[in-house]
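In the block that follows, a single chain appears as structure tokens, in the form predicted on its own.
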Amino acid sequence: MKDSIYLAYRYLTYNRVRSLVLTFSVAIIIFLPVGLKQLISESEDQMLARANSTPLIAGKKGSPTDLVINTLYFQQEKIETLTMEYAAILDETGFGYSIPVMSSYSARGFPIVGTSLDYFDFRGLSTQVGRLFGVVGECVIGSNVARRLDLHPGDSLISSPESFFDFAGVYPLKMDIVGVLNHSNTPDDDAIFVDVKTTWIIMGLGHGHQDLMQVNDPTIVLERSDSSVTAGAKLFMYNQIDPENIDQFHFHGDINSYPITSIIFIPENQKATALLRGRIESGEIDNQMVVPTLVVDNLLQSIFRIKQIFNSVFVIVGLAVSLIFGLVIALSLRLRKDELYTMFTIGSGKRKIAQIIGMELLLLVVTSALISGIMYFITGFFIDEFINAFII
């Protein structure tokens, strides 16, 4: 047996190029189905964990999937907005409390999420360094944002305009970073958190500028009366909030009419959940309220169908590779006809020759399995980042 293993090993190492091609081909075929299963299972666990930890989400009537994806994973789909007044209406029911979410803007490719401090308590988030935001213009960044952009408390981020030609809408705001969140292995790691009022400033609903009562330049002040001052386009607008100008920032109109993309509602108990959903479904309270778990379950059904398709494809590809593998072995035996005849002539029986060839195949398959196992083990270290980057 040992001599058969030795001869098989020497043959494979002598024909190393062919052996490596066969080994890695088989390894990939073994790895792909188990790797896909690992990816889908981990994606399912993470998506369900995020959904299960969120009782209810309220939003404007429309696609429940877009609403959940925007609120839970900050994928900034274009969805209709609610008003802050709706959060107050839900709070007045006495069934629980609301957490507003405004997720429409970004900075350097990462979503800006406007919310309240209740969000961090609800998600169990704490700062690794620094502190949570305290006033408008401050932000707290996720651990992945800090690592990828090499940012720390004391640095700053500038919000990105929706387009290069949007001069009147989104207001580029320089935000001071005051803290970095601990790693939570959730979409919170890839987000920039601010007070919801900060997103309204980015949106242009709030702003800061020179004190018009102390400006006498006629090119800036167009009209002045006892009750109001009308300024022209030359008026300097602040793009950063600091202790010197924070008093100059203000909002026009009723804040309760300002937009938010959704509301995370935390009910007191199951009875409160049922009563609140009943009021909404009956039309007593407008808009929609969804249970994230149900929406994500429906979404995962599509992933399972894709998984079944991929499994079928892998079976077909596996059969094709097996046939090719068999063809290569058959051709190899024909090419080794003289070598096998020599072995037979010097005393090797047919059984011994078959044993040597069998050992060659066994070594190829075992090596392929080991390589696929190593690939499976290595992908486990990167699967969370891959899921957060490309799936969630």
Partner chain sequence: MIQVTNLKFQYPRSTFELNIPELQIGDGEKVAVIGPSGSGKTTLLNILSGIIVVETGQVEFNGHQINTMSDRELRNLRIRQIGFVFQDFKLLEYLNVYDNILLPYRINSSMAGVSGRGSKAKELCKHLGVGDKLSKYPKHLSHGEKQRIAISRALINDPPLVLADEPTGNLDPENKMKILEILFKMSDANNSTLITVTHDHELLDGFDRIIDFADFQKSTAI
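Worth saying up front: this structure is predicted, and the values here are computed from it rather than measured. Positions refer to the first chain, counted from 1.
The same protein has a further form, the form predicted together with its partner chain, not shown here; the description that follows concerns it.
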item	value
Three-residue site 7, 342 and 352 fully in contact with its partner chain in the predicted complex at 4.5 Å by heavy atom	yes
Partner-proximal stretch of 324 to 332, 343 to 351, 66 to 74, 26 to 34 relative to its partner chain in the predicted complex, 4.5 angstroms, heavy atom	343 to 351
Residue 14: touches its partner chain in the predicted complex, heavy atom cutoff 4.5 angstroms	yes
Interface membership of residue 60, its partner chain in the predicted complex, 4.5 Å heavy atom rule	no
